[in-house]
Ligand code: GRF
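Just the one chain here, the form predicted alone, laid out as structure tokens.
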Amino acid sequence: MSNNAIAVMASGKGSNLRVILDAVAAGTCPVEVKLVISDKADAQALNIARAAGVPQVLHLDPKAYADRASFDVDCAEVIDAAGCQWIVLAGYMRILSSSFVRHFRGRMINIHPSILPAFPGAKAVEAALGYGVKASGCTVHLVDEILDGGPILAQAVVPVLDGDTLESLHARIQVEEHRLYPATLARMVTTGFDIDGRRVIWRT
């Protein structure tokens, strides 16, 4: 298993997958995207992966499985067979089973559009606006059994402007997501980190 080999799991447009693949092509993110899995047959992420020449691009249909756990077992088997060290969630909208999370503990990451632990869940940008915060942003974190609750790898902050709408704030957060995600991946495979309690300590 190569330390820089990754599997990406995506459900939608694939914008974070695209910036990772672009960073790989540009030589600024030294990872090898060996596998892309989507639970949606019409996910644009699948087309992005095929166009970039990712070796394995798969749609696995959750409806073909008896339950979430059995679907996740197949996903894990495919990831392991591809020799992927890291699992990168890029707009993957399914809740992962506890057994899947435990299997890849410390090796699976996600990006979330808020400064965690504030505003976990699917409506983070809307919640931040509704609460009236003056700053928001995004967080790259390890995945554990608690939704958006794993140890934090990196964060970026954006101001919330008085005239912001859901769309304008989300767009500004996505600019930072697209910078932070490939940069964090690059740091993971080049320097690595240790975990002390909940704290991620980056090696030098």
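Each residue number is its position in the shown sequence, starting from 1. Remember, predicted model here, so these are calculated numbers, not experimental data.
There is another form of this protein, the form predicted together with this ligand, and it is not shown here; the text below is about that form.
Among heavy atoms of I111, some come within 4.5 Å of this ligand in the model of the complex. Although the partner is absent from this view, P182 stays clear of this ligand in the model of the complex, with no non-hydrogen atom inside 4.5 angstroms. None of the heavy atoms of K34 is located within 4.5 Å of this ligand in the model of the complex. Proximity of Q155 to this ligand in the model of the complex falls outside the 4.5 Å heavy atom cutoff. Remark: of stretches 64-72, 49-57, 25-33, 168-176, the one touching this ligand in the model of the complex is 168-176 (heavy atom within 4.5 Å).
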